[in-house]
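Same chain, two forms, each on its own as structure tokens: structure 1, then structure 2.
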Structure 1
């Protein structure tokens, strides 16, 4: 493996350097039917799960076939997406915000051959490479974070629980039987790179053991004041430690004040907190981002902890499946999961979804907590 230069000269890094050119211009990648009809679209229709048509005032139509995909992809799989796009869509395709792949064609008779091609492509183990679906009142792809594949702070994996959950929810990816669309998201720690805090159902990795202090290394690996300032509950204070007769600057953690956010570890690698028994999953529910009918809502914690059960996280997927099925049966048309829970009351939500309520689910974090307690005699038995 001999080093091959791109032309970059490390002795003169500024020579011919090109910087600050930004992303490619989107207009270079518009299929002709999109370019010709931009801002002229009149209406759309979902012809069947995974297939949309948009109709323009020019009379043009664009048919979109949406396929799910694991966001963790090899270049070989991406090349296969390119092959499909070359064969059916003059090379054009796009990704959605939720990691779906969209193939667009300008004639209806191009749709079925495209779907047939997509659905025929499978991995050797039998899973679909490009399952068609993820539209309308169903469950689309789960947006997620890195997890154990590439992150230093996760409390769970991301790609694995997502694969396991989507296998369980697959029928609802291929169907539109729900009262409204239902968005599932995963973040592998509460940094929430995936911003799951406004999802119908959120899978969240969470630590439950306070950081260990690697006293011999705190001062050499970290800026101690930054580590102390990083703690939102002021649980960390400076401490002098004697190791092998030597005075060292370190920190002390007041464990009872720790809410396990890991922010100190982000600032100071000598405060690791991951742990097999301590780490696991929190399930949240009832959030949304659209302004439709009711205001955007935060997701609420409905299960305080489930263990990490690699490789298929059966307890987590069972809770999710149960919530989806009860919601599907009980909610009114157009009602999002959170709107349904609010209408029937959260006490009823726990009953119907057969979820246990515990003290962990009552907010005690700062001022907003008060606004979540019940300040009325109106409740259901």
Structure 2
């Protein structure tokens, strides 16, 4: 009623509006061919790696060229993307959820000039700015988190390992030789704002040491009750500390209960968690989201720890490359990595991928929800 009394008309929300606060309607950003054929598409095909065609019941076609991008981009690179879109696509393009860039044209004869333009653009070091690929039974871009650039609790970098991993997997980005599509993800800590819990191959940053307590600053920098309440395992409790003859309020960490999540550091900068030797990478495998062939699956830990080896992470990339090559050679058509591992047995998976097995890798999670929660949209009687 307050809005109506002030002159707001819900039937004409933009009437007399003097600001552009809030997002515009997403339909304003559709290319005309897509807007004109919404809900009329009959089928789509992958013509070759990186190129798709969608055909409408009206006879209209839209050709999509997918190019690899990056999660963190400079303004200059985004302006160059806009230049390509202005030149070939009437200014329209879109980002995918995995940080690829899709340029859409409405005529087949526009596809090759677009591809040539994209692949002619290179960085000073010689690498492609916009490599075309990432479709079908291959590897698309790696979705990842913030890493050392823009996060306060990472156990590994994000952009660094992703760049190194995509360099060794680049041929499979440009090709479709795999049995099925393969999704790789990275999260730089256990809080997992990346999709590593359900990816074919997942790179997970892992802290192995509890937070250090800087007693001299806890009381002056932190709300101690917040730091205590932030701990999901109740591993932190208040403690009185004497420093230079003065008694200060501080906290104590029960190391055996700590799961190294970094929540306390989020609340209290005097509880730093990062450690050069303690931080590193866990490799997980076998997860997926889709219901195709089998139910969705959670990823399983297959390598318990690898050190951070900036700038190229050779141990991590070698493990990932080996897994992909063995999967490509051994799996059946349409079989996802986890389905292949379950068919041959996880013991054989470790043997074929030359991975060392230890007691740290035993999957013993059997919460009641493991059996009772619906994990799929597949119909059950």
Partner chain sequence: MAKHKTPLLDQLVSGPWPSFVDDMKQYAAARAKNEKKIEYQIPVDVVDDLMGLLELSYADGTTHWKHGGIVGVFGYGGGVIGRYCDQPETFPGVAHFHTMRVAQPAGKFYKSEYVRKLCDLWEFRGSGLTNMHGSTGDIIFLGTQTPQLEEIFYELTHTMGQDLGGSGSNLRTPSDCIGQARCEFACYDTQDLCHTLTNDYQDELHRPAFPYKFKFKFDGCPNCCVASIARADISFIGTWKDDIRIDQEAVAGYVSGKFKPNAGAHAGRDWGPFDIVKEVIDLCPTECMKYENGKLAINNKECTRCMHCINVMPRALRPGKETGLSILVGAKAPILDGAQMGSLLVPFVEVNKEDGYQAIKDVIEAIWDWWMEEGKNRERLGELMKRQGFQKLLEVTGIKPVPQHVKEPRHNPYIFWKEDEVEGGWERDVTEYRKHHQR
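Definition used throughout: the rigid core is the maximal C-alpha set that superposes within 1.5 Å between two forms. Residue numbers count along the first chain shown, from 1. Note that the structure is a prediction, hence the values are computed from the model and not measured.
*Please let me know, 1 or 2, which structure is the form predicted alone?*
The chain shown as structure 2 is the form predicted alone.
*Taking the rigid core as reference, does residue 311 move its C-alpha 2 Å or further between structure 1 and structure 2?*
After core superposition, the displacement of the residue 311 C-alpha between structure 1 and structure 2 stays below 2 Å, so no.
*With the core lined up, does the C-alpha of residue 294 move 2 Å or more between structure 1 and structure 2?*
Stays below the 2 Å threshold, so no.
*Superpose on the rigid core, then tell me if the C-alpha of residue 220 is displaced by 2 angstroms or more between structure 1 and structure 2.*
Yes, its C-alpha moves 2 Å or more.
*So if we fit the rigid core, how much does the CA of residue 267 shift between structure 1 and structure 2, in Å?*
Its alpha carbon moves by 3.0 Å.
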